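Take a look at this single chain, the form predicted on its own, given in structure tokens.
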Amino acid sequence: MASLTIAEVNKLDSEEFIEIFGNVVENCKLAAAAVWSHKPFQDVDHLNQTIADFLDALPQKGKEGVLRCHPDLAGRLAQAGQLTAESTQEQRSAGLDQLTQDELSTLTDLNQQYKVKFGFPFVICARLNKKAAILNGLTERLKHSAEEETLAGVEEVKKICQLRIVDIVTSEAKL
């Protein structure tokens, strides 16, 4: 997709905005729909902050729901080639498409333990991590309480959103 200026973003109707930004929060068009009404955005940072504010304002169950929209890292959907284009690229950038059988087995086991404990998949910004850091992060975050982990997961969602927004919107034009 060609990069849009913030002025072009501000001219989008709700359907266009949701189509373009509907996956900045993985599989959660509701976030884009909610954020659209906050136009006009001053710049890419303002758009990003508006999405972060939306996520922060969600009640605990809403935050958990956003986390449940994410796929397991190197999980069933990845193995079947059914991830979103964004998730496929992000997991590839972290080396999750090149796991050894032992690494895949470990990750699958840790993912399962995590989902049993918290009720949602482990979320980490794959583009900012490599497979070793992801495995270590998963092991460490299994020690969190549910509340701590929900907050940690949402912080990772915000990082993912920021990178996905920068992929869509150029940072040049301000209103």
Ligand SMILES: NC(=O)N[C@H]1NC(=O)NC1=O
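Because the structure is a prediction, the values reported are computed rather than measured. Start at 1 with the first residue shown and count on from there.
Absent from the display: the form predicted in complex with the named molecule. The rest refers to it.
Can you tell me whether K158 touches the named molecule? I mean in the predicted bound form, with a 4.5 angstroms heavy atom cut-off.
No.
Considering non-hydrogen atoms and a 4.5 Å limit, does the named molecule approach G95 in the predicted bound form?
It does not: once the named molecule is placed as it appears in the predicted bound form, G95 has no heavy atom within 4.5 Å of it.
Though only this chain appears here, would C125 touch the named molecule in the predicted bound form if you measure heavy atom gaps against 4.5 Å?
C125: yes, in contact with the named molecule in the predicted bound form.
Going by a heavy atom distance of 4.5 Å, is E26 a contact of the named molecule in the predicted bound form?
Yes, E26 sits close enough to the named molecule in the predicted bound form that at least one of its heavy atoms falls within 4.5 Å.
Given the named molecule in the predicted bound form, answer whether the residues T5, E8 and V44 all have a heavy atom inside 4.5 Å of it.
Spot residues vs the named molecule: no contact at all.
Candidate stretches 45-53, 142-150, 29-37, 116-124, one within 4.5 Å of the named molecule in the predicted bound form by heavy atom:
Flagged stretch: 116-124.
Suppose contact means any heavy atom within 4.5 Å; which members of 60-87 contact the named molecule in the predicted bound form?
Going through 60-87 in order - heavy atoms within 4.5 Å of the named molecule in the predicted bound form - the hits are H70, P71, D72, L73, S87.
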